[in-house]
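Coming up is one lone chain in structure tokens, specifically the form predicted on its own.
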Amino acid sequence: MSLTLLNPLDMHLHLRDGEMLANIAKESAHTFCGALIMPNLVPPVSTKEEVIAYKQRIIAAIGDETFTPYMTLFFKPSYDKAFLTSIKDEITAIKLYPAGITTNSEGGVSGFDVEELRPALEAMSELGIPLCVHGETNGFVMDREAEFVNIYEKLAHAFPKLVIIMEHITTKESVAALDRFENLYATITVHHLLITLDDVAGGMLRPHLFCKPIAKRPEDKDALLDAVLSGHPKVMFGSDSAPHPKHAKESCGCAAGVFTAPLALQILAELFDKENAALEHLQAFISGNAQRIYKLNPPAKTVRLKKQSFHVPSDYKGVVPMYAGEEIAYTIEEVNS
């Protein structure tokens, strides 16, 4: 059995910088035609010059692959309309992080006073710049995303013309919020469709499955699966593929992130194939919905997958992927662009 996917997009991707960027950027650029690039470097990408320079480094790292890096800016409440107008053509979205809640987010937002955020968010609304949000409070780790839904609703109500993307959602509460506000959308990762906290820490700790937001309960995973496999028009694929060196994962201070970039399409094909009627929705999940929500016109790329066992490498230049050393059901047969 073969499966052809057109113009796959990854709408939440970490490419890092320096040696890591050079090592892993091609893993995404080979099978995806574009990706929304996260800005939480050290320091975060927060100026026009930094956006342009980072994009140039990405393009250099991917070589001759057909791939568009859709750039983002690290949100600051101080951004005004003049600045946002000047940078609009260089970015696809702006990413908001609660302060200190995830990797390299110390400069994020503390508190969510609507009036404090209003100048920047109203300017984004007027200019048509989407807001991407890492939606977690600093509460108990299993409750952080569910608690943040109230903030999503507050923002969606206060800025009804602002496109708000709930990033890498993991809970049934976030899925339910999609249908309450017209301007709320979401990305969903492949690993959150497959694992719960029990897979991470129910037996021996599996550091390469540890991520933020942390994997949740079976009922949360079921809600995500139902939205994706039924073809919900407001959800998009975003891998949140987050590479870390093996030593940073297999340590007492385990870094958060699951590396899926080289395997995401194969794993999704297997997942959707298991549900007889779901394959018809895979194209929208990995490209169509994102193109419509973000108004993208990505470069053409065709990826053909074959239902043939693939042995997942133990590492990719020092980065351990999901399912390392295991067999998955699909392999990449051909990529054309």
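In case it trips you up, residue 1 is the first one in the sequence shown, and so on. No experiment lies behind these values; they were computed from the predicted model shown.
Quick note: we don't show the form predicted together with ligand NCD, though the next part is all about it.
Annotated contact segment (heavy atom within 4.5 Å of ligand NCD in the model of the complex): 253-261, selected among 117-125, 137-145, 86-94, 253-261.
The partner is absent here; in the model of the complex, the one residue of Ala242, Leu131, Leu73, Ile267 having a heavy atom within 4.5 Å of ligand NCD is Ala242. The contact residue chosen from His168, His232, Lys216, His208 relative to ligand NCD in the model of the complex is His168, the criterion being a non-hydrogen atom within 4.5 angstroms. Among residues of the shown chain, Ser287 is not one whose heavy atoms approach ligand NCD to within 4.5 Å in the model of the complex. Within 4.5 Å of some heavy atom of ligand NCD in the model of the complex lies at least one heavy atom of Thr102.
Taking the partner from elsewhere, Lys212 is found to have a heavy atom lying within 4.5 Å of ligand NCD in the model of the complex. In the model of the complex, ligand NCD lies farther than 4.5 Å from every heavy atom of Thr68.
Taking a 4.5 Å heavy atom cutoff to ligand NCD in the model of the complex, the contacting residues in 1-28 are His12, His14, Arg16.
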